[in-house]
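Given as structure tokens, the chain that follows is alone and in the form predicted alone.
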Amino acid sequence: MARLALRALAILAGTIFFASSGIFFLIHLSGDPTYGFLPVNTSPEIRESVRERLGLDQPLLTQYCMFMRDAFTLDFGYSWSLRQPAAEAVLRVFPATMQLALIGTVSAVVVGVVLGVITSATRSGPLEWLLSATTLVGLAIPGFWLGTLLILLFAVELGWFPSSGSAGWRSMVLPIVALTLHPASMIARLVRANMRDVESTMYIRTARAKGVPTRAVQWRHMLPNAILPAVAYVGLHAAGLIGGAIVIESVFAWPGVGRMALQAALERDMPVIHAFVVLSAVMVTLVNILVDLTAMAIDPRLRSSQVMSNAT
């Protein structure tokens, strides 16, 4: 456990360092940041005064050192465009993104695992073809295009759900569907492929020879040994959602951190972008720890290997 904690801290520090460095240089390479949040016709005197007040007149190396200091002290300053503390602005909309990320991840896991188990048991026939085609379509459809189609059909034509905003549970249905389809399809294909590999092992043949019911063989014996690749993928996908489902939030005008980060990037609002990246790095690290612990709970071999590595 100590080794896992140290590795998590190292990953977190490295992620914050490289991500913050990339943001700093990309924003400065794109030109004067004040052109992102000040009107184009702002006089040179006012623009220079703003640059001096924000410390943008300092040498680039000095700005970079101050920027990295803020990253590791979690003091991001005031938003240049929102006129409020950057950390406060990001944390205010972060729960909305977490709500979508959590529900979207859970629904993707449930749908993907169920489809994967069903398709692994059907070798041929219309059902197997239909489910396989559905997962392929789910992988091929871009999220923004699916979101647009859902709005046109269920919001505009049928009027069943709102097309935007976050007013109640009905406004969450379409964004969650758009977030669920692709990861659910990937999880289903991973589970199906690994279930079919596990099916030929000796202990599965022994369980079938003893007369264990098919459902028990699939869910109690095959699935725990076939789900680890899907767990790893779920960790990566959940980390991406926590970082901000920027496209989906923009399509559905969802007031989340991804939409705020996109607006901050357009306005070159460095404090908000910085707070967003550091918060995302922290959440990604926590998700990776959770995935590692989940994998250890599923597969005892990982626990034993961790104990042996700690002992050495």
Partner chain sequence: MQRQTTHGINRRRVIQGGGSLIAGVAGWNVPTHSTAAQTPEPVRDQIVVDLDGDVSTFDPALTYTTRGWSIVHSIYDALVDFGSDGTIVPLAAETFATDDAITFEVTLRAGMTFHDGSPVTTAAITRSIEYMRASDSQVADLITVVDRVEEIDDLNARIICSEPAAWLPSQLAVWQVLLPEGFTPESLENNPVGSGPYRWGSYEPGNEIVLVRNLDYIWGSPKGQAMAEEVVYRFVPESATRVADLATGQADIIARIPIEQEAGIEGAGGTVIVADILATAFVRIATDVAPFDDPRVRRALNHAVDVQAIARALEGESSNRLASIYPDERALGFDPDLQPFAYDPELARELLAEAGYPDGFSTSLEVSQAPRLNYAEAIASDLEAVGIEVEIVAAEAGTFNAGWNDPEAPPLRYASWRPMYDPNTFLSLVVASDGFLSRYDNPEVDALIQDAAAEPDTEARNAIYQQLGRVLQEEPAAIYLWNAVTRYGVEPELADWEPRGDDYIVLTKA
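In this text, all values refer to a predicted model and were calculated from it rather than measured experimentally. Residue numbers count along the first chain shown, from 1.
Another form, the form predicted together with the partner chain, is not on view; read the next lines as being about it.
K.L.:
Given that the partner chain is left out here, which of S107, Q99, T134, S166 has a heavy atom within 4.5 Å of it in the model of the complex?
P.N.:
Comparing distances to the partner chain in the model of the complex, the residue within 4.5 Å is S166.
K.L.:
Based on heavy atom distances of at most 4.5 Å to the partner chain in the model of the complex, which listed stretch, 99-107, 205-213, 173-181, 82-90, is the contact stretch?
P.N.:
Heavy atoms within 4.5 Å of the partner chain in the model of the complex occur in 82-90.
K.L.:
Taking the partner chain as it sits in the model of the complex, is Y64 in contact with it (heavy atom to heavy atom, 4.5 Å or less)?
P.N.:
No - in the model of the complex, heavy atoms of Y64 and the partner chain never come within 4.5 Å of each other.
K.L.:
Verify the contact flag for S250: yes if a non-hydrogen atom of it lies within 4.5 Å of a non-hydrogen atom of the partner chain in the model of the complex, no if not.
P.N.:
Taking the distances in the model of the complex, the answer for S250 is yes, it comes within 4.5 Å of the partner chain.
K.L.:
Is L266 part of the interface with the partner chain in the model of the complex - any heavy atom within 4.5 Å?
P.N.:
Yes, L266 is a contact residue.
K.L.:
Spell out, yes or no, whether the shortest heavy atom distance between I46 and the partner chain in the model of the complex is within 4.5 Å.
P.N.:
Answer yes; at least one heavy atom of I46 falls within 4.5 Å of the partner chain in the model of the complex.
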